[in-house]
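There is one chain below, alone, in structure tokens, taken in the form predicted alone.
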Amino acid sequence: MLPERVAVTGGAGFIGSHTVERLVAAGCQVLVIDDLSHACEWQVPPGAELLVADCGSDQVAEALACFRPQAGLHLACRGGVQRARRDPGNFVRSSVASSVAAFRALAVAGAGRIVTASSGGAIYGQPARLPASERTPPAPLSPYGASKLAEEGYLAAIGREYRLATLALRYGNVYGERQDGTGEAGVVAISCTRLAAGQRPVINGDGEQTRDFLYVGDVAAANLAALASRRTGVVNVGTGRETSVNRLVGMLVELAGGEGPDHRPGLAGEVRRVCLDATRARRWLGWEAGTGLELGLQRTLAHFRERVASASGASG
């Protein structure tokens, strides 16, 4: 059963907005906490309250003490692999420290359940066997992966100290409507943005690197299943299928009717192959990915076409 009162950090962002909509539709009272530094074009629905603040701030701790959440969902994140690699010290200060403060504030406010977003793609590194299960030893290749592993450890420790149930969801590569297509992470969103604008998509490296691409609607469903569960530990959230970047971009080019990709040098710190075993998610949460890649890409491309068309109309 879902908790009635849920605090969602990063709730105005890509994954957060889809999740908040589902929580509100399910009848939950939701406190959305977001500093809006990476918010998407989306309005907080009636039934949810928005607090604009850093999730690790004293202001948030005070608001949580008043809201008294039964559960917290931590989706706030300040960047990806390349940002963390360029300046790992500042990344830890701005991301990990805020996350840990948010975990403790939720615990002090009385939350009996905390679920956090982690990364199956970054934590396992280059496992000898794919798909990687939760029993695969963590071996992150990047400061980003190391930071996610550290957050998992802090969350588990806070759970033990305050005697509450904690769960880390190790996502695959999430894509879908509302994702930022102007940054340096998110090959689906970036490719859709370029194709919708009549530009060639870009592939870094030879394109034979693989990812476990996961539609955002399925991730939102996993978030709700995790909040309703009492399981503790870590759970992979993925499809169990490898897809090369070449194949992915090729599918988008075919759907969009655009030009083929522009290959550029590969990026340091990126893993070569990713594929997650979601057996535990099915057993623990009753969850599995239900959206096929082609359908998910069709929906995502249509969204970005509408976004680009709206922006062109507004500027014209």
Ligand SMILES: NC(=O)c1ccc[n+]([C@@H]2O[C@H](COP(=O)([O-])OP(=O)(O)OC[C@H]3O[C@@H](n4cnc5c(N)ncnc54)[C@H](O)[C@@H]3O)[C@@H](O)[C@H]2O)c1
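Nothing here was measured: the structure is a model prediction, and the numbers come from that model. A residue's number is simply how far along the shown sequence it sits, counting from 1.
Absent from the display: the form predicted in complex with this ligand. The rest refers to it.
Quiz item: Taking Gly10, Leu75 and Val174 as the candidate spot, are all three within 4.5 angstroms of this ligand in the predicted bound form by heavy atoms?
Solution: All of them do, each having a heavy atom within 4.5 Å of the partner.
Quiz item: Which of these stretches, 31-39, 261-269, 246-254, 283-291, has heavy atoms within 4.5 Å of this ligand in the predicted bound form?
Solution: After filtering at 4.5 Å, what remains is 31-39.
Practice problem: Have a look at Cys275, Leu64, Ala278, Cys55 for me and say which one sits with a heavy atom within 4.5 Å of this ligand in the predicted bound form. | Solution: Of Cys275, Leu64, Ala278, Cys55, the residue with a heavy atom within 4.5 Å of this ligand in the predicted bound form is Cys55.
Quiz prompt | Interface residue in the predicted bound form among Asn236, Thr239, Ser147, Gln179, criterion: non-hydrogen atom within 4.5 angstroms of this ligand | solution = Looking at Asn236, Thr239, Ser147, Gln179 one by one, just Gln179 meets the 4.5 Å heavy-atom criterion.
Exercise. May I ask you to check whether Ala189 falls inside a 4.5 Å heavy atom distance of this ligand in the predicted bound form?
Key: Result no; Ala189 lies far from this ligand in the predicted bound form.
Exercise. Indicate whether Leu297 is a 4.5 Å heavy atom neighbour of this ligand in the predicted bound form.
Key: Result no; Leu297 lies far from this ligand in the predicted bound form.
Quiz item: Ile15 near this ligand in the predicted bound form, any heavy atom under 4.5 Å?
Solution: Heavy-atom contact with this ligand at 4.5 Å: present for Ile15.
Practice problem: Although this ligand is absent from this view, report whether Ser98 comes within 4.5 Å of it in the predicted bound form, heavy atoms only. | Solution: Contact with this ligand, yes.
Quiz item: Looking at this ligand in the predicted bound form, which residues in 111-134 have at least one heavy atom within 4.5 Å of it?
Solution: In sequence order, Ala117, Ser118, Ser119 come within 4.5 Å of the partner.
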